[in-house]
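This document opens with one chain alone, in C-alpha cells, the form predicted on its own.
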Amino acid sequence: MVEETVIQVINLYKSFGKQQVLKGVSFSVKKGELFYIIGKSGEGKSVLLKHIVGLITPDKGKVLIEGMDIHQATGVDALKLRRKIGMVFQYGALFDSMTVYENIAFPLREHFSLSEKEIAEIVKEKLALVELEGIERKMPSELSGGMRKRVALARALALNPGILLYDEPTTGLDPLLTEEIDNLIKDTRDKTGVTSVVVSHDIWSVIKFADRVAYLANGRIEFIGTPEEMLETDNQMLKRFICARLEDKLMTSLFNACRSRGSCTS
C-alpha cells in the first residue's frame, strides 16, 4: 500500500536581514507519522515549523499541505487549510487571564458557531484525551508545567486537526515530566492518527518514539532516516550532536539521582 504524503517542504529558503536561516530545505512527512526535527539551537527549527503552519512566508520554495500550497491559498481555502494544523508552542502559550475551559474553547468560538453545550462537550472530551478531567475551572497559574503542556495540547486538538506541530514540547521539564509528555505525544498519535512533527533537542525521545528523524544544520537537512539509521550515521556533525546530547542527558540524570539521595545540592 502506498503511504500518503501529508506535508511536503520543497526547496525552502528564508533570510532575516543578512542572516540566511533556511538554505534549500526539503523533506516530506507521511500520514500518521511521528516525525522529529533535531539540531542545535539557532539552526532554524522553530522557523521551519512556522513556515509549515503558515505563520512565516518563505523567500523561495513551497510548503504543501495535502497537495495545497499553504502560502498561496486564500479566502475559504486558506482557512480550511489552517484548521487542519494544530500547534503546541514551546511554553504552551496559554492565555493566563482565561480558565482552562476558556483556553480550549477559544479556537472553537473563533472558527465555529457552536452552542455552549457543544463547546462544553468538546472541552471535556479533549481534556479526557490528555488525562486532565475535571480541571476546566482552574487558571493556568494553578497548573504545573506538565499540566500546562497538556492543556496546550488539548487546545491544539480542539479543532480535530490532521496535523500537529510541537515546538520543543519538553523544554524546561525534568526527566520524568519529559517522558510523560513524550508518551502523551505518542499516545495522541496512536489514538487519533494525527500526523505529528516534533522539534526536539532530546535524543532519548527521538530514539524511543520517532518513526523518522531529520537533522537540520547550517540551514539544510543533513540527514533523514529512522532512529536506528541515525545512530549508525557516518555524518560527523550529526555524530557529534548525538554524543553531546546523550552526554548532557546522562549527566543531568546522574545529578538528579545524586541530589535525590542528598549527596548534591542545587
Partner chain sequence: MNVLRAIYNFIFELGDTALLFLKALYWSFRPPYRWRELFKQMEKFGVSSVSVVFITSLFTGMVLALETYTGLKKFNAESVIGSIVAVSMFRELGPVLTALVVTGRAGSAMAAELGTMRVTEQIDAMYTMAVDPIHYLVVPRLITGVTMLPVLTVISDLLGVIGGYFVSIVLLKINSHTYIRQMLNHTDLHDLYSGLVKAAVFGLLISLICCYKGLSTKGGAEGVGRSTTQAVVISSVVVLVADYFLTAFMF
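Bear in mind that the values here come from a model prediction, so they are computed numbers and not experimental data. Residue numbers count along the first chain shown, from 1.
The same protein also exists as the form predicted together with the partner chain; that form is not shown, yet it is the one meant from here on.
Mapping the unseen interface onto this chain, Phe106 counts among the residues with a heavy atom inside 4.5 Å of the partner chain in the predicted complex.
Although the partner is absent here, Met87 sits close enough that one of its heavy atoms falls within 4.5 Å of the partner chain in the predicted complex. The shortest heavy atom separation between Leu94 and the partner chain in the predicted complex is within 4.5 Å. By the criterion of a heavy atom within 4.5 Å, Arg189 is excluded from the residues contacting the partner chain in the predicted complex. Stretch 108 to 116 is the contacting one of 178 to 186, 191 to 199, 131 to 139, 108 to 116, since its residues have non-hydrogen atoms within 4.5 Å of the partner chain in the predicted complex. Scanning Leu143, Leu159, Ala120, Leu173 against the partner chain in the predicted complex with a 4.5 Å heavy atom cut-off leaves one residue, Leu159.
Though the partner chain is absent from this view, in the predicted complex it lies within 4.5 Å of a heavy atom of just one residue from Ile224, Leu64, Val53, Ala217, which is Val53. Annotation: in the predicted complex, residues Arg82, Glu102 and Arg155 each come within 4.5 Å of the partner chain through at least one heavy atom.
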